[in-house]
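Coming up is one lone chain in structure tokens, specifically the form predicted alone.
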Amino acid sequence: MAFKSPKGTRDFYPNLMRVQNHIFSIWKNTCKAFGYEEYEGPVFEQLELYTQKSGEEIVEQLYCFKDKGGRDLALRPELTPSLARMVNLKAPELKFPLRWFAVPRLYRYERAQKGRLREFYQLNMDIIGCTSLTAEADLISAVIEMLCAFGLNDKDFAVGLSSRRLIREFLAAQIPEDKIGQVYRVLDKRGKITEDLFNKMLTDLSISQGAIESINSFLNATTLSELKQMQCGGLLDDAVTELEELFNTLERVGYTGYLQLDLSIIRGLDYYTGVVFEVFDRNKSLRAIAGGGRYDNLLANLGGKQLSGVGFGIGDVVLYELLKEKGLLPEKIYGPDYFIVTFGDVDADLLSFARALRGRGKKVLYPLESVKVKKQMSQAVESGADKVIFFGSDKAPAGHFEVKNLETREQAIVAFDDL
């Protein structure tokens, strides 16, 4: 019986690994261009790190286990709690604000579907120790530039901006305080269910019909001007001003075509406290490409100092689907600089020649056994090599080699020092 990979996981054969490396490369290059430093944490953490933040119900979504010492552990479903723990441990030694990024492998026990798997990679970018809206602007700029580096543009994706602070203040003027947490969870489902079901779920929470109508009007606002007309006696002034300032900053930088107000964005995680944002494909045919926001209390809630944080995550699964849909997956195989085709045996002389080329910083491949030249040429093409060197060719004088460029098909006799 041939074993299959576990449900919700992927096997990365070399052709898929090339795509992954392409994604990782653009992720990391963008982070470094913005001046962020890379970090990493353990693949498993204490279960309490997640239950303390999200409650016991989170256990159903985790891969949990007891180790041989009887300790409750979980494979990480996200990296932000690990980041908070790490910063808390070393806070006196760190220079704030921090600008850190990581590309963790994450695990969530949930139904596998298009754009969502049980094992996946995610880029995390975070700023810790900065209360200025410049932090949000920097991260949103980074995610836009990153997606543009893949060949996408404002016709392909948009960044929806919202505010947990604004939504909380609005809800506080409409419904009892003890209902807000439950209503958040319903709001987070709004884009995935019908309007009738959404209204019914609010009714089931004993929310009045008048409050439901106000909530729908609020969430349907698409401009800041509309928001200003429903100020609830000025209660929302500061939160709206904050969003307006962020929009103005990003528009002045040149990102106007990418931005939209989208108050349906709630972000399901309870630790968000301020501006939140998500990136969607324009047709919204896929899950969110990226999402994040400000979290003011997470580090303090996990036993550390009161340090504000802002961050986002972008997963590889949805991004892959979008790039595939747009025809932007890399097709070129980045193979060796040279493939050595031999007219004789694959022997120590050939291996020594390959070693000499590698000593000059070249990537070199050669056949592992003696086969016909035609088959070696096929291997060279399949490997994605730039050029073929004919080792032992009688057309080349001593110290020279016959070289063929596989792209242009041109051939030349080249001295070793010029290879």
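Note that residue numbering begins at 1 and tracks the sequence as displayed. Remember, it's a predicted structure, so these values are computed and weren't measured experimentally.
Heads up, the form predicted together with a small molecule isn't pictured, but that's what we're talking about next.
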Exercise for the section: Heavy atoms, 4.5 Å, the small molecule in the predicted complex: which of 215-223, 315-323, 181-189, 332-340 makes the cut? Say which one. Expected result: 315-323
Fill in the blank from the handout: Students should find that, of 101, 258, 271, 150, the residue having a non-hydrogen atom no more than 4.5 angstroms from the small molecule in the predicted complex is 271
Fill in the blank from the handout: Residue within 4.5 Å of the small molecule in the predicted complex by heavy atom, from 207, 135, 236, 289, is 289
Exercise for the section: Mark residue 129 yes when one of its heavy atoms lies within 4.5 Å of a heavy atom of the small molecule in the predicted complex, and no otherwise. Expected result: no
Exercise for the section: Answer yes if any heavy atom of residue 170 is within 4.5 Å of a heavy atom of the small molecule in the predicted complex; otherwise answer no. Expected result: no
Problem - the small molecule contact at residue 97 in the predicted complex, heavy atom, 4.5 Å - result: no
Handout entry: Contact test in the predicted complex: residue 304 vs the small molecule, heavy atoms, 4.5 Å
Key = no
